[in-house]
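Next up is one chain by itself, shown in structure tokens, the form predicted alone.
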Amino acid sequence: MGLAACERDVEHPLPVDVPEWFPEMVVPADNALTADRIALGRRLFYDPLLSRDTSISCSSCHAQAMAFTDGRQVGLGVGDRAGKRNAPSLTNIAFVPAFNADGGIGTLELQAQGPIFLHEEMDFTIAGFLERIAGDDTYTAMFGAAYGRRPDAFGISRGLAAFERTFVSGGSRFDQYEYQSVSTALSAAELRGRDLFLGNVAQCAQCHTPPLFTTFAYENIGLYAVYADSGRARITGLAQDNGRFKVPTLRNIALTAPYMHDGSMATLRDAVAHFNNGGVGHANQSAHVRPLGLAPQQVDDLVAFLQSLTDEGFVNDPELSEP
């Protein structure tokens, strides 16, 4: 990743590389990205002192090697308390307009605080964390350098958000082929899968639109006839939103199993099979989800293409790892 500036804004450069084929990264005026703010957020992200019993950190549910997921069906918090949803990937989180699977949180700064308080996650308080670090000269200096203030909730939420905005992933073999003219980047099977994905047969790109591989819309994919989790309806109160969840990015998808909002599908092949079968026919099911009639070879090709979306540089970037 590096700390090279984004070339599209030379007057206010970002200390993170954003591919030229990505949309512009919008950063709040009160949390402009700086190296000091990113460094503070990085330390906070990996610090188990943010949890009540100091057993987990943000990285416990968002591990870099798994594209900032945890490999579990649902996240596990303090005391191995099970969460209600699958831990989402933080890949390209800077470009997401609303957070959580139901879109219930409007800014990354607000989202960063949520897991600290939740009983099923860190089960702690900002005040408690601040007491723990009151005598930590390194933290005091880092907050001062980043935000010109002593450690407080403002710096915690903004520091975490600043670090997470550096989780930019645009270096997969698909990117090499599609945007950098590397004609040998994809295999024959991956190219066939690409054509299915982008074309009129599978039409996957209608919801998983490149370059971010999501539209950020909320869709009911016919996963269940009756949903235990109401999804977007939890926020809007509207019956037509029952079972609708935010379309996730497919970048690094091969690393983020299990799949779906509840982690109910173990493999990519299971997920592709669901869409090939056309869902269960829920009343709110998206018109985009319909039987595809793909042959076994076509399913194999789609899975192969999805594997080409892995960005090895991203998941091995030392600047994103524990300091």
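Residue numbers run from 1 along the displayed sequence. These figures come from a predicted structure and were not determined experimentally.
The same protein also exists as the form predicted together with a small molecule; that form is not shown, yet it is the one meant from here on.
Query raised in the report: Just one of 131 to 139, 168 to 176, 96 to 104, 182 to 190 has heavy atoms within 4.5 Å of the small molecule in the predicted bound form; which?
Result: That would be stretch 96 to 104.
Query raised in the report: Just one of 212, 76, 126, 146 has a heavy atom within 4.5 angstroms of the small molecule in the predicted bound form, so which one?
Result: Exactly one residue meets the criterion: 76.
Query - The single option of 63, 38, 27, 292 touching the small molecule in the predicted bound form, heavy atom within 4.5 Å - result: Residue within 4.5 Å of the partner: 292.
**Report entry** residue 230, heavy atom within 4.5 angstroms of the small molecule in the predicted bound form
**Finding:** No, no contact at 4.5 Å.
Report task. Consider residue 248 of the chain shown here, and say whether it contacts the small molecule in the predicted bound form, taking contact as heavy atoms within 4.5 Å. Result -> Yes.
Query raised in the report: Can any non-hydrogen atom of residue 286 be found within 4.5 angstroms of the small molecule in the predicted bound form?
Result: Yes - in the predicted bound form, heavy atoms of residue 286 and the small molecule come within 4.5 Å of each other.
Report task. With heavy atoms only and a cut-off of 4.5 Å, decide whether residue 111 touches the small molecule in the predicted bound form. Result -> Yes, contact at 4.5 Å.
Query raised in the report: Every residue in 57, 87 and 259 with a non-hydrogen atom within 4.5 Å of the small molecule in the predicted bound form?
Result: Yes: 57, 87 and 259 each sit within 4.5 Å of the small molecule in the predicted bound form.
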